[in-house]
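We begin with a single chain expressed as structure tokens, specifically the form predicted alone.
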Amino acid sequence: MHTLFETIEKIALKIDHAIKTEDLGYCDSENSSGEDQLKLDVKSDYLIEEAFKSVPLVKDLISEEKEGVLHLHDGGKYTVCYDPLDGSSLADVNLSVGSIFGIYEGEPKGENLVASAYVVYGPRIEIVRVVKGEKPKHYRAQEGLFNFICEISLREKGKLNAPGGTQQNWCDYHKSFVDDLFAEGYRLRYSGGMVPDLHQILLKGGGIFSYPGTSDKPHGKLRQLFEVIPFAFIYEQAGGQAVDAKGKRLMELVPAHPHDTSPCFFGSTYEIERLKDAYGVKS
């Protein structure tokens, strides 16, 4: 696993350089989900693919920017599923963006995830990574090296509320849930980037990030293999919870297609239990 994490560190430095120096405009193409691709999306995807081509441990790559599976090494042990540049449309206004990696042993599904990591490209480059049975570890880049900062643990209750999706498309009970948290004094923290928002909740000790099913996207927007399951793993290992709209653990997801999506809720215990009540989930 050390080799995979070391490769992600090298990738992070290269993508950060691309963000700072390369064209931020759109390509004349769409990704497999029908979204317009930024040139940075394509470049980040290329950098990740090229890096893992030299890692024999990696059997297959599955990218948010590509359809299907890219086979690399017959003797490989792991499938790496990744979102090359989550929130890339925020780069042109100089907000933080990120990369997400899920490392699966065997069939890509929640129960087979053995490690995950994400990178935050902001004023500083930071990585959070975790393996099964351990607390997430936080690292920060300095002069090209990633230095360990701390282990991450969530408190029982937080103060931050990061609600995703267009509000006019929320169902009534989700809107009531969000409003009730604000009435309790929760602070709104939502940039439009999954990585920086979930990172902030983790480092601040708790809160909730929600991306529900909506009238225009009833199955949610965020992709299970690249975004949802890797972050669910991190949140559970940090002592929090990660569930879908039925209160089911996101780590139990079994995607039928590489680009399947799911409603998703990540947070500390108090907020997730409140969500379950709002959604009528019985324990």
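Residue numbers here begin at 1 and follow the sequence given. Computed from a predicted model, the values in this text were never measured in an experiment.
Heads up, the form predicted in complex with a small molecule isn't pictured, but that's what we're talking about next.
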(request) Identify which of F177, Y104, Y211, F101 has a heavy atom within 4.5 Å of the small molecule in the predicted bound form; exactly one of them does. (result) Y211
(request) Scan G207, P108, G193, P136 and let me know which has any heavy atom within 4.5 Å of the small molecule in the predicted bound form. (result) G193
(request) Indicate whether the small molecule has at least one heavy atom within 4.5 Å of a heavy atom of T79 in the predicted bound form. (result) no
(message) With a cut-off of 4.5 Å between heavy atoms, is G87 one of the residues that contacts the small molecule in the predicted bound form?
(response) yes
(message) Test of understanding: in the predicted bound form, would G122 fall inside 4.5 Å of the small molecule by heavy atoms?
(response) no
(message) With a cut-off of 4.5 Å between heavy atoms, is K43 one of the residues that contacts the small molecule in the predicted bound form?
(response) no
(request) Work out which of the listed stretches, 250-258, 221-229, 55-63, 237-245, brings a heavy atom within 4.5 angstroms of the small molecule in the predicted bound form. (result) 221-229
